[in-house]
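The chain below stands alone and is given as structure tokens, in the form predicted alone.
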Amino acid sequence: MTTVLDQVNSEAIARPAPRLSPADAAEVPALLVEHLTKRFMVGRKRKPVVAVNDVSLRIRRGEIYGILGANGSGKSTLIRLVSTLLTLDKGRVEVFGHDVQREEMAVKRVINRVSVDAAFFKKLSPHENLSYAARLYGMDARDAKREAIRILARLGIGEKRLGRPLEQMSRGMQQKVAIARALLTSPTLLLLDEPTTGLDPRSKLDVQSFIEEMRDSHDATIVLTTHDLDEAERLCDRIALLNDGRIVAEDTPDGLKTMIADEYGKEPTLESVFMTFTGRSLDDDIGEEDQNKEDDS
């Protein structure tokens, strides 16, 4: 028996991608993903879990591109594949024309990543963690310190807190330090994997404002996964919906809302868009997938 959700997903997958103008087609994209697939083995007697299933996308320079999906839908796996932390099973990924498999070091020089659970030397201070990151990227120590102070101040962390061990700071403050660490290297592609999850409202607004500033003043391209529909609508130029490892819809926020109203007679909200194309809430867990293969909360 065919359900409404099956019909919606079938139509979304079958819908042709929007035509690119000659200028868009000629420009090397910031991120090109073609037929990307990743499977995980979860036990000798069990079938592999397909985390990312034949995903293709093209992100233009200077975009903020959002990826929405329920827990376990494959968002973090996709980010890790792009950032070279995982190997591809099938398909191709290019960052500014550099293949992530053949030119891994070239890719690492132009990207940085912030995850929902950032890793630190927690006995060390924000200043010491950022100084260490700066040295890894060959930055001048004085320039790095000055820029770190500026970024942290913009995110609401004053200079007097820079000497306190990270383990004594709140989860929100630690996440701001993670964002500052990523921005310190001036990446041209910034991968933000749920960067505002768990932050208080004020900290969340600080981070969102800084993301907009990064895009506008540093010509950065940003890929953002988020559970916050308001955040996605505010920040993202385009949004892709990921469901069971597949992209089932992609458009601007307004384009998605118009489509759901015109074609399906639903309320023109991103929540309605998400429920229609996935059949679940953003807070739903897909199941064993995110327990066995990724921390995709």
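Superpose the two forms; the largest set of C-alphas matching within 1.5 Å is the rigid core. Given the structure is predicted, the values throughout are model-derived calculations rather than measurements. Numbers follow the displayed sequence, beginning with 1.
What comes next is about the form predicted in complex with a small molecule, which is not displayed.
With the partner omitted here, the stretch from 229-237, 41-49, 27-35, 252-260 that lies within 4.5 Å of the small molecule by heavy atoms in the predicted bound form is 41-49. The shortest heavy atom separation between Ser73 and the small molecule in the predicted bound form is within 4.5 Å. Within this chain, Thr77 lines the site of the small molecule in the predicted bound form, having a heavy atom no more than 4.5 Å away. After superposing the rigid core, the C-alpha of His35 moves by less than 2 Å between this form and the one not shown.
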